[in-house]
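One chain comes next, on its own, written out as structure tokens in the form predicted alone.
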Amino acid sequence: MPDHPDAAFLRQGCEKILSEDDFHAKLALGRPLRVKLGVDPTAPDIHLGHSISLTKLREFQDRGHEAILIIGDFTAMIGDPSGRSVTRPQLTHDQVLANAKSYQEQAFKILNRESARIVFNGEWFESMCFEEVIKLNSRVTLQQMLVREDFRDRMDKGQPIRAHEIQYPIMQGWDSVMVKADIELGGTDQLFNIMVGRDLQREEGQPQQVCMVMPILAGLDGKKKMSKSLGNYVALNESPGEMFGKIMSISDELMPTYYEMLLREPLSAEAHPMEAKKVLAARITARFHSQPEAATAREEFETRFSRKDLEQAELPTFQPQGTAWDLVSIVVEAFGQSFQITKSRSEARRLIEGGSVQWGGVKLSAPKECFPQAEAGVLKLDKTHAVRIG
């Protein structure tokens, strides 16, 4: 089958499509496709990692297809076990609905509000009686659930798998049946759940959805996937200055991945690393705020760090709360309180020993050194973060 004119564009950035033949057949139908993306509002913020699939959904919107954003008000109370080594803490329905309101506001930084269809899966799960739940569960075997890599790893390590976690892929799959999805988007960690949806659609006599999975964006630490719980994220509702500064904190080694996944273009081999990082930070900041705000954020960053003029810069005020005033404790607390960035004591010690931490322009290189409690001034934490004390 020849390629549909939109196929190459819509395929960009996808890690895997199951199947390519089905994808072309769907596009050849000549009607707007129902393209589904499910999000669980387990926290109030959407971050850059979420933006990968949301951007793909917007691309389908721009080609005239129906964007269906499933707000998992019921699935969020379970919590997706995909990629998790432990059971997620359960949320109340009120907590989930409060997060959902924030999610929608942030999602429309990417999606076209006018043509997006927002659906809460509580619409069908809330009215299900226990008999219907039992019948739905009977369609999936325990063996199917336990072949999942994350479940298998937990079993091998003797870690518990709660019975309610096994419900999650079934519920996500049933969402696809209820909205008659033609295509479902998600990260690579969603592949199993999306395939369950295909199976349930087939049993219901529906055409099976196409599975389009996107790569997982690494967090600012470059080690684990971007996650608020890990403190390695950039939220879409952060201020322009904070967004710019966080992106500037990534390593040079992570930049090609961010260029490829967030800008959909390769990082030039001739580009100077610092300038390339500033361009990346400015373009991402402009996308979620505005061009003038991105320019101001860059100028402020350069004032603070490139021109070494920290005394004149706008910095968050930090006041240590604990009784421990050793330098390692101060650095850990400053990152957490002022930037919501989680730093271990060993990470803080490395910053200090490497000469990154400065007080009044003077490097502090002794981790066990006691911080001067009575003094006021600027504490530089690393190349992109500084706080004002006193």
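For clarity, a rigid core is taken as the largest C-alpha set superposing within 1.5 Å between two forms. Model, not experiment: these values are computed from the prediction. In case it trips you up, residue 1 is the first one in the sequence shown, and so on.
One more form of this protein, predicted in complex with the RNA, exists but is not displayed; see below.
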property: Heavy atom within 4.5 Å of the RNA in the predicted complex - the one residue of 145, 226, 267, 250 that qualifies; result: 250
property: Position in contact with the RNA when the complex is considered in the predicted complex, options 219, 122, 187, 245, heavy atoms within 4.5 Å; result: 245
property: One stretch from 163-171, 197-205, 131-139, 252-260 that, in the predicted complex, holds residues within 4.5 Å of the RNA by heavy atom; result: 252-260
property: In the predicted complex, residue 59 touching the RNA (heavy atom, 4.5 Å); result: no
property: In the predicted complex, residue 74 touching the RNA (heavy atom, 4.5 Å); result: no
property: Close approach of residue 338 to the RNA in the predicted complex, 4.5 Å, heavy atom; result: no
property: The RNA contact in the predicted complex: residue 321, any heavy atom under 4.5 Å; result: no
property: The RNA in the predicted complex - contacting residues of 339-357, heavy atom within 4.5 Å; result: 344, 345, 346, 347, 349, 350, 351, 354, 355, 356
property: Large Cα move at residue 27 between the shown form and the other one, threshold 2 Å, rigid core; result: no
property: Core-aligned CA displacement of residue 70 at least 2 Å between the shown form and the other one; result: no
